[in-house]
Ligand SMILES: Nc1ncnc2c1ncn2[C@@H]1O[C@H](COP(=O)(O)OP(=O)(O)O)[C@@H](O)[C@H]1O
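A lone chain, given as structure tokens: the form predicted alone.
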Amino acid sequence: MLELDGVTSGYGAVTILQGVSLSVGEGEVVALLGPNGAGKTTTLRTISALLRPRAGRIRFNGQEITRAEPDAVVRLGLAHCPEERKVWPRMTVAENLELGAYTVSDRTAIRDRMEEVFTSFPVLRERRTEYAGRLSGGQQQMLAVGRALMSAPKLLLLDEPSLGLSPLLMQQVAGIIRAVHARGVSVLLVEQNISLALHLASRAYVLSSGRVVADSPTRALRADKTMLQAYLGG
């Protein structure tokens, strides 16, 4: 579904990614792991066309998107749920969800998609008229994921969904990701909680200093104490 081939990317004069290659298959949950500063968020931003690759190629469902604009990437079926949720706090839950469907002109489709989000996350239905800034951290994460689902993605990029949450809310986030996957959406997951990521994903890539240093089934990675200690804090 998604293929990166030798992608180099960065910010201004600073190069972060150095020849990154990875793939996500249809129906997969794939984790992208590594220490702070490894290039995980840069990878997601490059895939979703918020950053332009300096070298390499990106393909999505067989179509070249290396030079695509962000809105075109969304229309193809790729959605990005950014780090720290970034909901609009002074807009209601329903308004945040509607903005997730900004590429959709069919009002019936928007209403149907919102109903699907409410079915997956019933608390959002209960609080649909409340300002997003009044939601708990876990509820805001549900809203951020729901907003991304409003574009009916085939692949969801999730950046640090458990960041800043309590252990209880982390389990709620795990449930969110499982619910998304159950809807047939593939997931590329960036997550600092290594245990959470390795139990949600079937495969994982490990980044270090902008390079892929491991590509492994998560079952094997959980047993690789040398890799865990060297790049993932044990």
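Numbers for residues come from their place in the sequence shown, where the first is 1. It should be emphasised that the depicted structure is a prediction, and the values quoted were computed from it without experimental measurement.
Beyond the structure shown, there is the form predicted in complex with the named molecule, which is absent from this document and is the topic of what follows.
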Only one of 165, 38, 177, 201 has a non-hydrogen atom within 4.5 angstroms of the named molecule in the model of the complex; which is it?
38
Exactly one residue in 212, 221, 24, 16 has a non-hydrogen atom within 4.5 Å of the named molecule in the model of the complex; which is it?
16
Can you tell me whether residue 193 touches the named molecule? I mean in the model of the complex, with a 4.5 angstroms heavy atom cut-off.
no
Does residue 172 make contact with the named molecule in the model of the complex, using a 4.5 Å heavy atom cut-off?
no
Taking any heavy atom pair closer than or equal to 4.5 Å as contact, tell me whether residue 42 reaches the named molecule in the model of the complex.
yes
Candidate stretches 55-63, 193-201, 29-37, 180-188 - the one whose heavy atoms come within 4.5 Å of the named molecule in the model of the complex:
29-37
